[in-house]
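Quick setup: one chain, the form predicted alone, written in structure tokens, and binding and motion questions come after.
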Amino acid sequence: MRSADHRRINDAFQVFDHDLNNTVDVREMGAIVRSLGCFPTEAELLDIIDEVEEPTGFICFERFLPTMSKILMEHKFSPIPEDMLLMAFEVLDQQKKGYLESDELTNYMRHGDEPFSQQEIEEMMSSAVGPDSNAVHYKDFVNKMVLDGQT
């Protein structure tokens, strides 16, 4: 494994290691994995958790590092391409307005095939809803997500 990957994994993990003891709460796993540019389904995330979770309900960095390294090296759970994200939003935007009202998008997120948790909905809405509106202008949002993912 490259030292740059090791550093990225370590940095992402440390953000959530509030007690500075090389462990994180299992509930932080989704955020950590996604911050590394991997986007597993909830079922896939549970499989990862099963592999690394301690009986205490915490994740130790020593177990997390090799699992996450393998995921990154195999390019598992890569983000969805920009054009596919746009198409998904366009399907939801039946009136072809170029945006979705925040309550409309929240409803889709709650009642889809793989419903989002309340925390996931809040995280997305905090970055997706425009500052001057109560809407998600999805072309701008997808563009921002793609640029953020390249850093």
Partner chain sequence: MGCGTSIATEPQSKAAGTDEAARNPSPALTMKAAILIQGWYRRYMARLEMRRRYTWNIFQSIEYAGEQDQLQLSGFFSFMLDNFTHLNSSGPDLISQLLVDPWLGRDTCHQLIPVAESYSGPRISFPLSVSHTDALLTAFKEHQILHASYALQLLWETKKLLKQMPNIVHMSTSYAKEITICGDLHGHLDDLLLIFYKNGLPSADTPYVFNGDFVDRGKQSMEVVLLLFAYLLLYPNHMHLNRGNHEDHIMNLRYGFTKEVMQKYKTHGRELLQLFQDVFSLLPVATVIDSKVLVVHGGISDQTDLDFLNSIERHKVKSALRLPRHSVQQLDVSRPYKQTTSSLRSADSHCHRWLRPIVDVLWSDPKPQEGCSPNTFRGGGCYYGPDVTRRLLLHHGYQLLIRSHECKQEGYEICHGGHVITIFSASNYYEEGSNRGAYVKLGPDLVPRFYQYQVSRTTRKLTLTQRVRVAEGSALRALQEKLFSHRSELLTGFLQHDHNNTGSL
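Residue numbers count along the first chain shown, from 1. Only a predicted model underlies this, so the values are computations on that prediction, with no experimental measurement involved. What we label the rigid core is the largest C-alpha set whose atoms superpose within 1.5 Å from one form to the other.
Keep in mind that the form predicted in complex with its partner chain is not shown, yet the notes after this line are about it.
- Contact annotation for the candidate site: Met87, His111 and Met124 all lie close to its partner chain in the predicted bound form (heavy atom within 4.5 Å).
- Of the heavy atoms in Asn21, some are within 4.5 Å of its partner chain in the predicted bound form.
- Under a 4.5 angstroms non-hydrogen atom cutoff, its partner chain in the predicted bound form lacks Ile71 among its neighbouring residues.
- Contact annotation for Arg34: at least one heavy atom lies within 4.5 Å of its partner chain in the predicted bound form.
- In the predicted bound form, its partner chain sits within 4.5 Å of a heavy atom of Cys38.
- In the predicted bound form, Asp11, Ala12, Val15, Phe16, His18, Asp19, Asn21, Thr23, Glu28, Gly30, Ala31 are the residues of 11-33 with at least one heavy atom within 4.5 Å of its partner chain, listed from first to last.
- Ala12: CA moves less than 2 Å between the shown form and the other one after rigid-core fitting.
- Pro40 is not among the residues whose C-alpha shifts by 2 Å or more between the shown form and the other one once the rigid core is aligned; its shift stays under 2 Å.
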